[in-house]
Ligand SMILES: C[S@@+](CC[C@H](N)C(=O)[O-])C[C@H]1O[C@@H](n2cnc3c(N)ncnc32)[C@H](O)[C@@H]1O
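In structure tokens, the next block holds one chain alone, the form predicted on its own.
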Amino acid sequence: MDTDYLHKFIKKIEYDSIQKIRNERQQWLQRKSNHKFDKALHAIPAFQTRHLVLEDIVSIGKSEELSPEQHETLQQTLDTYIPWRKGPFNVFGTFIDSEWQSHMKWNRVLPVLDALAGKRVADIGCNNGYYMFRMAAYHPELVIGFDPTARYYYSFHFLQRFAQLPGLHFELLGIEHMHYYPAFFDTVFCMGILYHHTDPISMLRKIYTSMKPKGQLIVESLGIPGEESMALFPQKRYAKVPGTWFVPTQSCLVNWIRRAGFRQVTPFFAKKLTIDEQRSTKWAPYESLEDFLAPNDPSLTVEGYPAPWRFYVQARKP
């Protein structure tokens, strides 16, 4: 994994701070629980496939590029990285039907998205890198995915061993580290992140620090319906999801972003979440949206809160 790519982009003082956190996070990868992920990463020798399609189904490789033995190993490797939350992917002929139909989110963002060619882009909470691969089709200079989860780190690098797309980098960092990249990014994606933090305004301000003037921010968030600027604070969980703190209305989300310093804050999509977009599959064989809603009233979560919506907002750093 290339850890030196930042040298040509960032000042030494910030690079040293990032490197210190990197070194700490790399120790996570040495944990016994991650050994199976590392072994799976190297199970098939790396090579650059000539068959790469960066569309709704991100397709990497064709079936005939692998031997029967390698196909068996491929299946074992992909199983090791279950659950596949984001996707869909097709990897050497194996279709990965992910829990989230992430192309639906991407296609909502595309009409408002700035041109990415030659730009520096951040994908906060990048998971297995689905959106990073979609971004690569638009020829950015650099895409950095931020996610502190070892499973996602390894699944991204497994896919990238064969895609070998230039300029894509995964950091085991989170939204709380964005201020170490001052005035660095042209475009920042923050999708599905804010409600997992106890201080969303502070996180948005860290993003603000990381962006160049006139840079574009794309925020997508879980939310609740309502006209008033308010946020639900669940007692323990929201829709069975632990670590959910503030679930805003759309106007509340807009006000968070404005008060963090952004301007031209514009909501561009709002819709109740449905099982067309999030559901359990063989590649994510666990409870999903239909299990999170009240069985006799899908307008409520199992806890009795309003059922989730998804809100999309774009904004700019002045």
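In this text the structure is predicted, and so the values were computed from the model without any measurement. So that there is no doubt, residue numbering starts at 1 and follows the sequence shown.
Unshown form predicted in complex with the ligand; subsequent notes refer to it.
Residue contact with the ligand in the predicted bound form: Phe156 places no heavy atom within 4.5 Å of it. Residue contact check for Pro234: none of its heavy atoms lie within 4.5 Å of the ligand in the predicted bound form. Contact annotation for Glu176: at least one heavy atom lies within 4.5 Å of the ligand in the predicted bound form. Using a 4.5 angstroms threshold between heavy atoms, Pro140 stays clear of the ligand in the predicted bound form.
Although the ligand is omitted here, in the predicted bound form all of Lys86, Tyr152 and Ile193 have a heavy atom within 4.5 Å of it.
Pro148 is the sole member of Pro182, Pro148, Gly226, Gly167 with a non-hydrogen atom within 4.5 Å of the ligand in the predicted bound form. Interface residue among Met211, Met135, Val247, Ile124 relative to the ligand in the predicted bound form, by the heavy atom within 4.5 Å criterion: Ile124. In summary, the region of this chain contacting the ligand in the predicted bound form, judged by heavy atoms within 4.5 Å and restricted to 156-164, 108-116, 125-133, 74-82, corresponds to 125-133.
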